[in-house]
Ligand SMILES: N[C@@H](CCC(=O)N[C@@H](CS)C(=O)NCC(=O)O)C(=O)O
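Only one chain is shown below, in structure tokens, and it's the form predicted on its own.
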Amino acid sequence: MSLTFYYAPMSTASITEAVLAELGTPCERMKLDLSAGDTRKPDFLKVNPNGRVPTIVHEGMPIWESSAITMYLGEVFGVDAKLYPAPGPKRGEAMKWIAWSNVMLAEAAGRLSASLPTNSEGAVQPNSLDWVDPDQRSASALEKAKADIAVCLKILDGGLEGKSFLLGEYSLADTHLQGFVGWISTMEVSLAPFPNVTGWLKRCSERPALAKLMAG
């Protein structure tokens, strides 16, 4: 098996890193520096023309977008590991949450991150593709992003009602979403109004693989 993982610290690649850790899947790790513009260099653009991480290459096939990577790794490695559902309604439920987190939750979180003061916790790194010049930021954009995140967190809180994890039992859907929610919690957003989310996030953090990553 040949699996290469392209990542950058303090980026959404941490989600793929957590998925790989849960699966215990060995890979070659390629560290990129966003501030140095590594993701825009010709060699990497041949792998991912979007110039973004995370990206994996499995058996010669480049796969990008963190949601696609999580679902792909789940299908290939996660079913036997009891971390991803077999094809059927439960698989659809997992895919629903994974895709939603990228389309809705991460989009709002990205706007908030780009609105935060440079070098504050959770903020976009300078020279990344999502960087917004300080003179182009606005307080209204920041507040709109917070409001949109709150709507998403309410949806997630409802989805966790009466359950320990999104599908009942822990799965890679939880691994994926906890990365985004953990990122949001470092910014100017309180999770206190969403008790199901805070309880779930704590349970996720107690997973041995995730606890080891956080400690490292």
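The numbering used is simple: start at 1 and walk along the sequence shown. Treat the numbers as computed from the prediction; the structure is a model and nothing was measured.
Missing here is the form predicted together with the ligand; even so, the following discussion is about that form.
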Segment assignment from 23-31, 160-168, 143-151, 44-52: heavy atom within 4.5 Å of the ligand in the predicted bound form: 44-52
Contact test in the predicted bound form: Thr198 vs the ligand, heavy atoms, 4.5 Å: no
Contact of Ser66 with the ligand in the predicted bound form (heavy atom, 4.5 Å): yes
Contact test in the predicted bound form: Gln178 vs the ligand, heavy atoms, 4.5 Å: no
Partner contacts for 34-49, taking the ligand in the predicted bound form and a 4.5 Å heavy atom cut-off: Leu34, Thr39, Arg40
